[in-house]
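One chain comes next, on its own, written as structure tokens: the form predicted alone.
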Amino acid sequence: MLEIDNVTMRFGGLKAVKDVSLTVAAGDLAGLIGPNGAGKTTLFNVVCGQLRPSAGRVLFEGRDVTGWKPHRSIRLGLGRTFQITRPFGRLSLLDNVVIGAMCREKSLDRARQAALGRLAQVGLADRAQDTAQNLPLGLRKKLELARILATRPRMLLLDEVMGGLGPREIEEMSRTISQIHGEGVSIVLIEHVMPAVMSLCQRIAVINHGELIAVGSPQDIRADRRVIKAYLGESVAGDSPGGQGSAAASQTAAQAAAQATTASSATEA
């Protein structure tokens, strides 16, 4: 469904993404993980048209969409959320989601009905008339998700929708993501909340310093020495060549990544 073909993204002399190739099949719920600054969001920006790659191409359902403007990608069915939510603060939650729904609906009434349904799906129906500017972080994340769902995506790229959330909010968001996937939407999830990634995702890709270093099942990723090294360094990876020791180190690496992301995400709240 989605094919990232040898994509490179340069900013001057910096290669933020280095020759990454990755495919996501229809029906997948895939994870994209890696340390902060690894190039994950840059890759999403290339896929969804916020950036044109320096090299390589992006195909969606067999069509070359490299460099397409985001509104064209959305109309094609490729939607994404952002790490930092920016709702229209003076508008109601309902009107925020109506804006997304108008991508598909031909009348305002139909867009409002679609928006109400998406707000209900993420648990915000009772706050539809509230203004968005004073929402706490957890509810802004839900609003961001409702707004892109209103565009009726066939594939959804979620960029840290759980970042900065508390345990109960993470559990609620995980259930919502599972429900969306169960409705037939393919999903790629950037996330640092490792328990959620490991439980939700069927396949996980790992990026470090812009390079794709591993792709596999959650079990494969937990035990991958390159992943352990990316999170904790060569000394820990070298002490854990494989098996249970490697898996334990990888779990520790995941916990370290989660702690770092929680700290950085707190500035958004």
Ligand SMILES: Nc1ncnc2c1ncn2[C@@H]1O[C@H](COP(=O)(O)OP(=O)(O)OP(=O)(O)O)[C@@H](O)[C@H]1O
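Small disclaimer: the values here were computed from a predicted structure and weren't measured. Residue indices: 1-based, along the sequence shown.
Not on display, but discussed next: the form predicted together with this ligand.
This ligand in the predicted bound form is not approached by residue 65, whose heavy atoms all lie more than 4.5 angstroms from it. In the predicted bound form, residue 54 stays away from this ligand, with no heavy atom inside 4.5 Å. Mapping the unseen interface onto this chain, residue 16 counts among the residues with a heavy atom inside 4.5 Å of this ligand in the predicted bound form. None of the heavy atoms of residue 144 is located within 4.5 Å of this ligand in the predicted bound form. Heavy atoms within 4.5 Å of this ligand in the predicted bound form are found in one stretch of 217-225, 23-31, 196-204, 41-49, which is 41-49. Contacts to this ligand in the predicted bound form (heavy atom within 4.5 Å) from stretch 158-174: 160 only.
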